[in-house]
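Given next, in structure tokens, is a single chain: the form predicted on its own.
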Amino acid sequence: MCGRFTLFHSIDNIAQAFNVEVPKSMQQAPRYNVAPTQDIVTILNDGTTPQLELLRWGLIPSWAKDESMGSKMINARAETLAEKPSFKRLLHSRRCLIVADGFYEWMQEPGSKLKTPMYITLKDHAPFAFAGLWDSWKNPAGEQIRTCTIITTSPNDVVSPIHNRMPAILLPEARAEWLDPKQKDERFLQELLKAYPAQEMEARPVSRRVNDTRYDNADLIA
């Protein structure tokens, strides 16, 4: 699963990297310990042009009775998106990019109950995009809450010694295809969700303070 990530690049840098405009109302402080149920930076395509949006991490399907489901749906398996009712409709019509510049996975220490947090990034430390799905849910007060989930896939050679899953990071040339609202071919879309090339990624151990979701400072990845 993917349960924590970072996004410390500025909104302006993100907009430049992904060739999107920044909404005037959007502000984002550097984040070093992004956790489920928090608002995260995403890119949606409303049919005209991709745009930056803040969505809550943890998918609440439009048909859900209450928002508690969100904390259980922070990830979706790439291999079964077209099979599960919760995701099949969204795969066709509500795909998004989730912007990050690194993510954490926990590696079991041999002969110990301890797990070491590993920080995984691109070697050039550039921002990248997880493949995601989103939906809109109306709460009892009538407010529309937009939420999302991160898609996971089989790990590459960098991640496999650490965990048996990794987030599906889209190749730069696949981002536009993933966002294209006209693209409905399930098999084609799932082919975009392969493990990112291992030779372009790296992993290193970091502070166990990342275990505390309240702690969100740069020294986590120092």
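Note that the coordinates shown come from a computational prediction; the quantities given were computed from them, not determined experimentally. Sequential numbering from 1, following the sequence displayed.
If you look for the form predicted in complex with the DNA, you will not find it shown, but the lines that follow are about it.
With a 4.5 Å cutoff on heavy atoms, residue 87 counts as touching the DNA in the model of the complex. The shortest heavy atom separation between residue 164 and the DNA in the model of the complex is within 4.5 Å.
Contact annotation for residue 75: at least one heavy atom lies within 4.5 Å of the DNA in the model of the complex.
Heavy atoms of residue 152 reach within 4.5 Å of the DNA in the model of the complex, making it an interface residue. Shown alone, this chain has one stretch from 193-201, 180-188, 34-42, 47-55 that lies within 4.5 Å of the DNA in the model of the complex by heavy atoms: 34-42. Heavy atoms of every residue among 1, 108 and 115 are located within 4.5 Å of the DNA in the model of the complex. Though the DNA is absent from this view, in the model of the complex it lies within 4.5 Å of a heavy atom of just one residue from 10, 207, 213, 19, which is 213.
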